[in-house]
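Just the one chain here, the form predicted alone, laid out as structure tokens.
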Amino acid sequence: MNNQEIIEVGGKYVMNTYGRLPMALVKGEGVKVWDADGNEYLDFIAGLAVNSLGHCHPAVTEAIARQACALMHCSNIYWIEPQVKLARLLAENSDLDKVFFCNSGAEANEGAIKLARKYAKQHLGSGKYEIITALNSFHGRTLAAITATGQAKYQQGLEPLPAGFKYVPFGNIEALKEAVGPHTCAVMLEPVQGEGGVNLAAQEYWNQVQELCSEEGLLLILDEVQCGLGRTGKFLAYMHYGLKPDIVTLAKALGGGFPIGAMMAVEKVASAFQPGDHAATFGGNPLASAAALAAMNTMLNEGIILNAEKVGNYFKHKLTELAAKYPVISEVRGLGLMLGAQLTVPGADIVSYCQQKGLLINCANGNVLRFIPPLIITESDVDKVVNLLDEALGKIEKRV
């Protein structure tokens, strides 16, 4: 089937929940993908930060093939060897102690919300249930996760929403302090906001958040579904700020392209969950765990994180040069290979121009060009992208 044939059949039979571009990707290798008409693209979206090792990394595909021939699935009522190894690897490379595996970032955040409330009721009192999150945050599409999300546009039409969430401006410590009330049990933040427009907060803000949580006995939940696992140039993004979180959620890059999520917690918090409190039938099954174990070992042992830092710095420098040339870029921000270029105009035309020229990029919040490529990209790849952006911005500038 070609692009048009896939689109026509999809429009008839697939539920209309995504604003899809008129193309179907059918093949990927490294940082490149091909559509059903044979067109080649440089992929700087990477499945929305999922394909951190690029497409079809041999270590991951070989692990999947090997595990698929041995045991694809079994229930979590049995111990699963690759799951146990993956949990140990994640714990040994973070400040967390225990891991719960699920299938997605939204599920990981649902687990975090449940664990925080369970821990709070056991240790802080029955009236502790409220979680404070940030405006412009994004925590997933399930009902509690979308309620935790600090963007009203994602919640419209889904009311009534679950109770027990408050929202404050990201990076404003005074607003956070004022929001803490008698029912508050946790603060839930993204170290780098992704969907909200690649937003960062100052080191001083994070110091004060940690201090506030300690003083008030609040759990600090960090959503690293998008920004975690090497993307910012450190294994986990909170390590940039020297934080000591109680709960961290992961997904996207974890499986190297295979669906798997994780909710990690320090021992004292994790122990609030007992058998029967939470579960996921497919969570951390043998196939998903084997893929994730291969992906994480590759990331940790083959210089992938260092490359994200090095090439990310180069990319940010090049984007800053473009900003100096084109006033429509008002700010360049981000860490590692999670970068954003804030525009003074809508970004859709730039995204469309780049796609026509063989480059896939993304726009968040309508006017932030978001760059979340595979972490294996080179400076040569960045140069190609910057040259195309230069062309696109030049055309935009003439119209402004």
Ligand code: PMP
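The first residue of the shown sequence is 1; numbering continues from there. These figures come from a predicted structure and were not determined experimentally.
Note that the form predicted together with the ligand isn't included here; everything after this is about it.
Name the stretch: of 297-305, 281-289, 198-206, 220-228, exactly one has residues whose heavy atoms fall within 4.5 Å of the ligand in the predicted bound form.
Among the listed stretches, the partner-contacting one is 220-228.
Using a 4.5 Å cut on heavy atoms, which of I80, I131, A106, I329 is close to the ligand in the predicted bound form?
So the residue touching the ligand in the predicted bound form, by this definition, is A106.
Using a 4.5 Å cut on heavy atoms, which of Y238, F138, F100, F315 is close to the ligand in the predicted bound form?
Exactly one residue meets the criterion: F138.
Out of 21-45, which residues reach within 4.5 Å of the ligand in the predicted bound form, heavy atoms considered?
None of them.
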